[in-house]
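The chain that follows stands alone, in the form predicted on its own, written as structure tokens.
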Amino acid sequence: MVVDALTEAEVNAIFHALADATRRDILGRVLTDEQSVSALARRYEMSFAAVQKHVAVLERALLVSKRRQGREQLVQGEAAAVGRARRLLADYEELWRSRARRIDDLLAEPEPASRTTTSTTPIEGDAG
């Protein structure tokens, strides 16, 4: 399973970034419209520094990028990176669907005929 040859560290960074609801919300906001870190911070009941840390996690996962405009840092979503994450999840989905199909195939196979003995004579020493 290879998505644009992502390294294990990149895959881990993506899943770590997307594991948090606040980061997913930030990502959704900046995918539709570039926003300053200050504007993002006003939307959450947490400190500016905490929002900055969330943005940094998203940035390390390459899901967002920042650029400076005057005194502000503007955050924008990286659609291509989100596409890689989507393909990664699709690869995992296909892996599990394939496994489920194999299980279904195994369950659908007829059971092998059980071995029956046709001899009805008692075994020597049996107290039959």
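Residue indices: 1-based, along the sequence shown. This one's a predicted model, so the numbers in the text were calculated from it and none came from an experiment.
What comes next is about the form predicted in complex with the DNA, which does not appear here.
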Work out which of Leu88, Val30, Val37, Leu62 lies within 4.5 Å of the DNA in the model of the complex, going by heavy atoms.
-> Val37
All three of Arg24, Glu78 and Ala80 touching the DNA in the model of the complex at 4.5 Å, heavy atom to heavy atom?
-> no
May I ask you to check whether Arg43 falls inside a 4.5 Å heavy atom distance of the DNA in the model of the complex?
-> no
Looking in the model of the complex, any heavy atom of Arg84 within 4.5 Å of the DNA?
-> no
Given that the partner is absent here, does Phe48 sit within 4.5 Å of the DNA in the model of the complex, heavy atoms only?
-> yes
For 53-92: residues with a non-hydrogen atom within 4.5 angstroms of the DNA in the model of the complex?
-> Lys53, His54, Lys66, Gly70, Arg71, Glu72, Gln73
